[in-house]
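First, one chain by itself in structure tokens, the form predicted alone.
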Amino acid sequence: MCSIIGYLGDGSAAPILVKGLKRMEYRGYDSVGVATISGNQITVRKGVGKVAEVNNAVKLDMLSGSVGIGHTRWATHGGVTETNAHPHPSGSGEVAIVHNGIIDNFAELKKDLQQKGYSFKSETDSEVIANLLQHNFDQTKDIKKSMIQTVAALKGNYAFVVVFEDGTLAAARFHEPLIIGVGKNGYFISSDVLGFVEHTDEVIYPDNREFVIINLNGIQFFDFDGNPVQHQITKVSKELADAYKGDYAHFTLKEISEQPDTILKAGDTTKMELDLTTEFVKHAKNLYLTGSGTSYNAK
């Protein structure tokens, strides 16, 4: 499981992407990377480690540009190396992608693309998407057609976000999560609403077998056959902005540690009443506990 994120808007992309990746780090943190567009050129920075570690080392959030993509990874194809970390640019560097999922036929596609002169650097299945998109764009010079041809060739379950050299963002979903955030000053694409919820509470959930194209002219949705698709904007709770694990290894541990504060905030319970209840429990002859999920583990 990996986290993917993309941004196009009026702000500086890199700091927004890095902060979103930190919130989604529970989805993977053996490596991290960011790519942004500046001066019609894609610049990629990435490394092995958690978001904060890699950011301190290579200054991910200092990349310039108002369009970009980011990724945190759990290694599946290939070892935990900087080369295997996302984003993956195409051989020419005119396209870069971040990907969550598995491409089942990547070996077959990679061999075909290599025979056509496209170069590969990583051991990942994901890099195939970048070069396949590049190949299709080289042939068509059309982003929509390139997306249609690319998703038609891929086998497996995936969601990916791609940035083109002209500053266009595109993304596709096939049996993996993908959410679009619609903000006043930009658009977001993410595998989790936590990636952008502090910026906007307005979201669009693409259906399976759909892709989206975002540029300065706006946002368009299509099914995998290229037919336009209409979507309604949905509101999500701003409370989700606080639903990230912080310094805890797991959300469950975070929730357990927050139980004392949660109890006090939940109703009319006062600190004095809580202390009195604690004394009753400490001196009780018998104690019976029931619960499920976090409540069960909190005992």
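All residue numbers refer to positions in the sequence shown, first residue = 1. These numbers come from a predicted model, not from an experiment.
Only in words, not in the display: the form predicted together with a small molecule, which the text now covers.
Asker: To verify the annotation, which of these, 90, 124, 200, 136, has a non-hydrogen atom within 4.5 Å of the small molecule in the predicted complex?
Answerer: Filtering the options by heavy-atom distance leaves 124.
Asker: Give a yes or no for residue 190: in the predicted complex, does one of its heavy atoms lie within 4.5 Å of a heavy atom belonging to the small molecule?
Answerer: Heavy-atom contact with the small molecule at 4.5 Å: absent for residue 190.
Asker: Flag residue 76 as yes or no: does it have a non-hydrogen atom within 4.5 angstroms of any non-hydrogen atom of the small molecule in the predicted complex?
Answerer: Residue-level check for residue 76: yes, a contact with the small molecule.
Asker: Hey, in the predicted complex, is residue 181 touching the small molecule, heavy atoms inside 4.5 Å?
Answerer: No, residue 181 stays farther than 4.5 Å from the small molecule in the predicted complex.
Asker: Considering only heavy atoms, tell me if residue 2 and the small molecule come within 4.5 Å of each other in the predicted complex.
Answerer: The answer is yes: residue 2 has a heavy atom within 4.5 Å of the small molecule.
Asker: Mind telling me which stretch in 140 to 148, 161 to 169, 213 to 221, 96 to 104 gets its heavy atoms within 4.5 Å of the small molecule in the predicted complex?
Answerer: Flagged stretch: 96 to 104.
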